[in-house]
Every structure is written in structure tokens, then in C-alpha cells.
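Quick heads-up: it's one chain on its own, the form predicted alone, in C-alpha cells.
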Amino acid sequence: MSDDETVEADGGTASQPEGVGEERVEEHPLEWDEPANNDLSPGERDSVSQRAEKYDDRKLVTGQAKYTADYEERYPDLAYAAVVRSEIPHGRVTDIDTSAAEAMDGVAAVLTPDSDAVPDAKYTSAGQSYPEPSPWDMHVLNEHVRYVGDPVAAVAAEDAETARAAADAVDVSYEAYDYVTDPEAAFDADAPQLFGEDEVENEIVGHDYDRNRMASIEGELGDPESALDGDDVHVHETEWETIRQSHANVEKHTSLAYCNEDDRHVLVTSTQVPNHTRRQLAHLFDIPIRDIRVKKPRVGGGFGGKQAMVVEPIPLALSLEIDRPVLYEATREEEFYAMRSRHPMKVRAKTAVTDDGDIAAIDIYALSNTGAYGSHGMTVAGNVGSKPLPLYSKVPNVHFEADIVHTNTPQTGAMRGYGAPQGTLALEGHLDEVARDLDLDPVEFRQRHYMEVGDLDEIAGMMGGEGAERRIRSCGLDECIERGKAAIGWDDVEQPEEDHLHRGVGMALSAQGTGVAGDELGAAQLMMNEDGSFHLQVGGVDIGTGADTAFLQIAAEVLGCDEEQIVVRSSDTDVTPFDYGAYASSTTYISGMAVKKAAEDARERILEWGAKLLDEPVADLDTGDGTVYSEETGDSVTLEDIGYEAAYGDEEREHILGKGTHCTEESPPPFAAQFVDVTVNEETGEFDVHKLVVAVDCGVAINPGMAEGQVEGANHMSYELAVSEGITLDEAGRAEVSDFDEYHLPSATETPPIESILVETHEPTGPFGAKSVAEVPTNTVPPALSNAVRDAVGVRIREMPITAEKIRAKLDEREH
């Protein structure tokens, strides 16, 4: 950006630059043309900001809610699927002997890569927008296998046990290749190469398959190289490492496929992305989109692991082969080695800081291990920089670079936080270390540089795409810090009486996005019934987050009725409008705004009918308490009266409908301040985390109770990222985890108390001032705990997980 384009913020009001010749239009104005009904004070809100009961709570706790596997009861001719997976990390299938499996009683079909029902097309499993920003490097069944777990054959049988036994009976012969599991070794010239010529379509920027590099990305602001080479700065450099984390969904990846009476293919499936899945299946199987229907029932957890078409092609191929409904439910063991996980990464942080404590430059480099395939590889790595770095929008020189490499290890993918946890660990741990090295207060050091209302976030825009430049119109970081410090007792840390115990506190900040700027779409429609109730059809996807409830509260606020008067139907591609799906913290912001627009559209017609019945002008009317009422005369008519009159009236009749679609170039960041209180045993390295406090600025919380639940769930996942081993692999890249006992997700008794604090601001671009809440608290515990341990005993743990053994080893190093 040139000097004459620079916009200055002056205490909350952006001043327009003096253009030459004519006044230029500011591309990112601070002032937002916000509808009056969007900025309601707390006293004016009837449904929004209320702790309404979650729409599906009673069904969930009574067992009435239907998940994909529950649909098996509806299909008496249902067959069950099992998958044969590679037992070697790298090689080529030379023969598949299916004779023993096919001879078993109850086996309906055995598919191999050569079967007619199995498509040969390449695709990506990533459930992302189109054109897809992930390479097409996968096949449904593989001859060239790249990790222990690659699917090579599939079976359908009369029951799940027979299907599993038949899969075990399939005899696969391989030509084994050398393999590589270390991401740094994968770069070597003599390292085994995972992809040969013509094995990838839709290649991504920076790819170099000779070096196993799927993509490379880079962005720069200012002149970081000169700033880091300056004579008047202190240069600090640290390196951090994160684990391979499982989504640990309670409901496994499950999908049921059948062909209906109209010769159309129906997928009932546990997914976050019904419309993306429909498009991907159409591409893969060469079936018109109109002939595929994807229905999402209740979903028992996604966290990004179901932002992908992971299992759907298997039952569809088998149903095509045997012309029967087929259900495939992954085993718990498959969940850990053949589904998806968080990308393990090494991240290097480097800064140049002046004697006065000003950060002159930040340089972040990430090496991301994408595993055998590249779904979500580039976009996740991009977020390592584009999410945390904008926190420090006043730093003039910034550089970010990432390499995404293939190894013969299980597939990675989207996961809550989507790259931000890895970047936040490196940046927030690094800045804490810099502050302590320079004898600066870690909080004040951050406050000198962090984002404020009115700032133009150029760092998020330096790599383009999702990270487009944005004006910050809401920011509650100051309040998050002050309330978090008070809750953790930051200024009143009392040391234990025992000499070998030391107590410390640590903190970290985080920012995320709210949707993907310029790259998403949500839609909704609202139908009024003759009794004044409504049916809301929305493409947005509730995966257990409470999105359906938030949609109801938004619609009820606009219509002036109780949520109970609205029935919601979501996520069925035959019935509900198009939506990109549940990811990128977009659901309330994007789909919720579409719901608000649909409700406003319907409300306009309701007011017109109210004007007829009350014989008053529309301008004098409002909605509330299930009525249309006159602010001038006090007269009113119920929504029920309007519904019946519109449907059965003597004169003009109308089915009152509303529709709304929403896409935006905006992606306002929510913010979080994390605090951790820990006591460390200096003799053993054992530590006891007393409390986690996380204060979150999510704009206006549509449902504060659900928002707090999201914050606590995200913080628990973040705590797991800090202290658990994750999915460990053996030397051949084989997962050493097969169930929850071995994975060791922290239980309720092993998790410290979590105090969540909602800091309410108002984001003018969001529905009723809302922005996202569910991802930003996922990013912060690892750096805050690392900082707290450093505060307690003076040693730094940079490789996750943080364990007593690592602390003890660092203490030993210090003593010698």
C-alpha cells in the first residue's frame, strides 16, 4: 500500500486519505452501514442473548435423536461395509485375491480398484469451496499405497461381523517401496517419492513432488529482512513443535447410501459439508448433481474431521454394485489411523526488538506434515500465519512462509482452530520468552503492539485469499485481559510453603476469523403456516454446536415470536437452500445472517398483511409477542390471524415466504485471552494446573449458555493439545493408538476447572452483532501453560506435550 492510500484511525473514526484530484472511496471503512434492527441494546432483545434451551437437547438426552447409524432400522435389505486397508507404509498392490472372501456366506460383493463400480477419477477429500484449494491426489481404492491404512478393497455383507471377517480374508500382495515418515527427511534428494508424474491433478502453488512438497506459501509486509539485520535490534529465535491430535468424535464416521425410487442416489451421512459432498460425489462418480441427495441427521461431533468426504464413496460404490442400501461405519481403530487428524508441525518464530521494546519485525516459518495426501494442507498451513500474526497489527515488518510436505503417515485434515493452534503456540510462547529476556512485563509487551478498533489489518491480507485486508470494527482484548487477570489472580500469586514447589501464571492471546472472507455462502427460507407458526429451512449445518437453536433465536428476534413457533429443518440438499457447511467459524455469522435476511423478508409481508387487517400504515407497525401491533393506536393482530387470513381469506391470498442469502468480504476476528495457574515440583517436574481462565470477545452472544459451552469445549481440546501425546506412530508410520484408553483424552477429573468469560462487544457486520466463538479458545492453552511453567521454575518446554519428564530434563540441564 502506498503512502497516499494509508488510512489512519483516530480514536475510533477512520479518516479518509487526501486523494489527488478526487476523493477516493475507502475500501475498508470503519463505519458500517448497519441496519437499525441489527444494533439492539440488551434491553431491546427478546430472543437474542437469551439462554434458550437447545433445540435438540431433549431428543439427545432421551435417545430419540437419530444419527446416521440409527437409519439402519428403516432398510430391511441393508448391507454392511468393511474396508481392506494397506498394511505397509509405501508400495504398490500387485495382486488382490478375493476368492476366500467371496466364498463366505453372507458376502454380497468385494470391490477392488479394478471393479466397474469403483471410479478411477482423482479427487480431494477436503470439503472446501470450489475451485478446490487442495490437490486431487486420492482414489477411492488404491493400487499405489502411501500409508498404513490406505484403502485397497471394500466388502459388503449381510451384517457387520461378516463384512469385517470377509475383509480380513482378502489377501493382498504388495511390492514394497522405501518410505519416509519424518517431514524434514522427506525433503532430501534421495528420500522416497510419494507421488510420481501424472499422479496428481489440480496441483497447488509451490508444489514440488520431486521433494515431496505438496505446496509452499509465502507472504511479506514491509521489509522484514532489513529489520532483522538491523544493528539496533535484539534478534530472538525459537522453535516449537505440536502433536498429531485426533478429533476424538464420539460418533464415528458413518455413511449410508442407497438408490431411491426415482433412481436418485441418497447419502445419509455424518458430515459437516452436505453440499460440498454432493459436488464431490458428482465429480467422482460422474453422476449429475441433481441425482444426488445428501442428508445430515444429528451429528455426534465433527471438529473439522467431517469437513471432508471421508467415507461416503465406499457405501455409494458398494450400493451401485449390489443395488441395495449399504451402511459403512468406521471402527474406532480406523478413526485413529484412517480418518483425519491435526497436522503436526514445527514452527520457527523470529523477532527483532529494539532497546525500547518495540517489535521491529516478526518472521514465522512452518513445516507442516500433511501425511500421505494433501487435503486442507495449504489452507491449514496458511492459517499458522494469517490467524495469530494479525494480533500484532502494529508491527511494521512481517514475513510468513510455510512448506507442506508429504510423508508415509496417516492423513491429516481440518481440525478446530485450523492451523491457528500451531501458530499461536509459536508466536505467544516466543513473545513471552522475548519479554522475559528483555525484562519486560509479558502483558504490557503485548499491549504495546496488539490490535485495536480502527486498525487496518494488513497482515491478514499479505497472503491474499482468506486473509483479505480488513478493518477492525470490534475488539475486546483490553477487557479480556483485565477480566482474565482478575479471575486467575495474576497480581496475587501466593507461593506454596514447600521449597520444592513453585507456582506460576502464564497467559496467551489469540485471534481467529469469522467465516472465510469472500469465499462462503449461506442461504435460508422461511414459510409461514396458516396458524402463524413457521418452518425454517436452512442449509447451515448443526454438528452438535447448537446452530439450529441460534438460527431459531435469530429468526424469532426478527419475527417477534417465540422460538417454539418455528420448526427448523437443516442440511438436506433436496430440501434446504445451498450452504457451504459448518467450518471456519462461519455458521452463526454467515448462515445466521442468511436466516436473519429470510426472516426480514417474511416480516415485510407479515407487516403488509397486518396493515390490511388493522387499516394502518406499515410504517406505524411492529412485531412482538406473536403479534403485529400499532405503535400509534396500540391495536394489534396476532400472527395466527394473519396466517389464516393470508391462506384462507376471502379476497387476495398468499403463502407468506421469506428468503435470504448471505456472502461477505468480511471476516471479523474474535479474540481470546487465556490464563493458566500452575504449580511445578522442582524435584520431579510434576505439575498441577489449578485453573484455566479464558475470556472471549465473540461480539454479541446469540445464546450465552451455548457460547460458554463452546468456549469450555474448545479450551478442553486446547488443554489436551498441551498435555496429551496425541496419535503416536511407530517407525513405519503405523498408529500406536486403537481406542480411547490408549489415546488418553483428559477425562473430567483430569481436566482443571475452566472458567469461561464472555466479553460482549458489537460486530456491526454480524447478525445482531455476533461473531464467532467456537474456535478461538482452541488455540491458547499450549502457549499459556508453557509460559506458566517458565514463570514457575524458569525452564521452557517448546515441544508438545508438556510433561513432567520434559520439565525434569530441562531442570537437570539448567543445574548442569
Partner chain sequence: MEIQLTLNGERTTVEAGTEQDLATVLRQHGHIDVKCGCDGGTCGASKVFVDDEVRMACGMAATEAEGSDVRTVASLGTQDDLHPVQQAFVDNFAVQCGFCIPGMIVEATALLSENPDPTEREVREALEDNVCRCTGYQKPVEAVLDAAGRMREEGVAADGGRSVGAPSRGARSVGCCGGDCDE
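From a predicted model like this one, the values you see are computed outputs, not experimental measurements. Residue numbers count along the first chain shown, from 1.
Not pictured, yet referred to below: the form predicted together with the partner chain.
Picking from 765 to 773, 779 to 787, 34 to 42, 64 to 72 the stretch near the partner chain in the predicted complex, with a 4.5 Å limit on heavy atoms, gives 64 to 72. No member of the trio Y123, F285 and M462 reaches the partner chain in the predicted complex with any non-hydrogen atom inside 4.5 Å. When you look in the predicted complex, the only residue of P577, P119, G504, G301 with a non-hydrogen atom within 4.5 Å of the partner chain is G301. With the partner omitted here, the residue from A185, A100, L745, A486 that has a non-hydrogen atom within 4.5 angstroms of the partner chain in the predicted complex is L745. The partner chain is not shown here, and in the predicted complex it never comes within 4.5 Å of any heavy atom of A619. Using a 4.5 angstroms limit between non-hydrogen atoms, H28 is distant from the partner chain in the predicted complex.
Contact between G643 and the partner chain in the predicted complex is not found at the 4.5 Å heavy atom cutoff. The partner chain is not shown here, and in the predicted complex it never comes within 4.5 Å of any heavy atom of E132. Within 4.5 angstroms of the partner chain in the predicted complex, the stretch 251 to 277 places a non-hydrogen atom from each of E251, K252, Y258, taken in sequence order.
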